[in-house]
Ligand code: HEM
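First comes one chain, alone, set out as structure tokens in the form predicted on its own.
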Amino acid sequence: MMTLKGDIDALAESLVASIAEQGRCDFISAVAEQFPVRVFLKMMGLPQERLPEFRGLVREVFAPRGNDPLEMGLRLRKVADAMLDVIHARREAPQDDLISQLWALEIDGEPMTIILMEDYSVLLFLAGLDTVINAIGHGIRHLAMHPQLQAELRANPRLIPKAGEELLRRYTFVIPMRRVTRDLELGGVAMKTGDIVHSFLPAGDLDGAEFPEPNLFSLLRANRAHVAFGAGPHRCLGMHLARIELQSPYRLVLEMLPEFRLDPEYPAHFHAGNLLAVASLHLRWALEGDCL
């Protein structure tokens, strides 16, 4: 992942530079959506010009819904179909990307199949195209609401990685789904084989038994362990890339923009579902000679 850092920093710098002279923007559409999605499309070997199409599919998959597995299956089928031409092309002509590397894998000694390729590609696609966007959105929103924190991080950029971890804890937003594999009772609740469980990770990272004053963001917090990336065998495979991607825009926004705040004319919008997502985040900052 560290070999990608130079390209990641350059992309983040170009995106922040593109808004610096505007004095205001919707940070989600202008930077947060563009940044990790471009990085991930390149890693997967998917065409950059299809970015709007792919983002639309991700929004559709993660939109609030009921527990109908058929509906979810149809949404995931659309994602697989959107990548199918590239998946088949990489089997015949491998390139330097993740889809080509997946084709080279063996699972339990057996060669990769098209069914497994679709499953793995969809999983990576959804994880890579949405989670970092929301982490950046929540983090930049917090900074916009706390100018004193902006000043502290500008004065001491070495604190940015620590701030990034505390932001992940405070604004954990992923609610993964799991299927119960055997009948059991948990916390007095009977669970049956095949039941769907929504693991509300945000509640874990706001547990007062683990984190004193859990709603408070604190750079001095002693316990910085969190479950924003999950835990155990399901711990996020892309967490190292995510950390690099998060630190880069935080650092560059603080370097390249003056003090910024939420734009009172356009309140932030959110949506729920499997992700607690920031849908839009309008910011304002003063240009040279202006005042807010």
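One rule holds for the numbers: they count along the sequence shown, beginning at 1. Superpose the two forms; the largest set of C-alphas matching within 1.5 Å is the rigid core. These figures come from a predicted structure and were not determined experimentally.
Here the subject shifts to the form predicted in complex with protoporphyrin IX containing FE, a form of this protein not shown in this document.
A.B. asks: Looking at 214 to 222, 78 to 86, 174 to 182, 108 to 116, which one sits within 4.5 Å of protoporphyrin IX containing FE in the model of the complex if you count heavy atoms only?
C.D. replies: In the other structure, the partner sits against 174 to 182.
A.B. asks: Can you tell me if G238 lies within 4.5 angstroms of protoporphyrin IX containing FE in the model of the complex, counting non-hydrogen atoms only?
C.D. replies: Within the cut-off, so yes.
A.B. asks: Taking 4.5 angstroms as the cut-off for heavy atoms, does L124 touch protoporphyrin IX containing FE in the model of the complex?
C.D. replies: Close contact exists here: in the model of the complex, L124 approaches protoporphyrin IX containing FE to within 4.5 Å, heavy atoms only.
A.B. asks: Counting only non-hydrogen atoms and a 4.5 angstroms cut-off, does V37 reach protoporphyrin IX containing FE in the model of the complex?
C.D. replies: No, V37 is distant from the partner.
A.B. asks: I140 near protoporphyrin IX containing FE in the model of the complex, any heavy atom under 4.5 Å?
C.D. replies: No, I140 stays farther than 4.5 Å from protoporphyrin IX containing FE in the model of the complex.
A.B. asks: Checking a candidate spot here: are P147, V253 and S280 all in contact with protoporphyrin IX containing FE in the model of the complex (at least one heavy atom each within 4.5 Å)?
C.D. replies: Per the other structure, none of P147, V253 and S280 touch protoporphyrin IX containing FE.
A.B. asks: Just to be sure I understand the contacts: of L262, A30, A63, M43, which is the one whose heavy atoms reach within 4.5 angstroms of protoporphyrin IX containing FE in the model of the complex?
C.D. replies: None of the other options qualify; the answer is M43.
A.B. asks: Note that protoporphyrin IX containing FE is not shown here; using its position in the model of the complex, name the residues of 115 to 148 with a heavy atom within 4.5 Å of it, in sequence order.
C.D. replies: If the 4.5 Å heavy-atom criterion is applied to protoporphyrin IX containing FE in the model of the complex, 115 to 148 yields L123, L124, A127, G128, T131, V132, A135.
A.B. asks: My question is whether M44 is one of the residues whose C-alpha shifts by 2 Å or more between the shown form and the other one, given a fit on the rigid core.
C.D. replies: Yes, M44 moves 2 Å or more.
A.B. asks: Would you say whether L159 is displaced between the shown form and the other one, judging by a C-alpha shift of 2 Å or more on the superposed rigid core?
C.D. replies: Where the cores coincide, L159 shows only a C-alpha shift between the shown form and the other one that is less than 2 Å.
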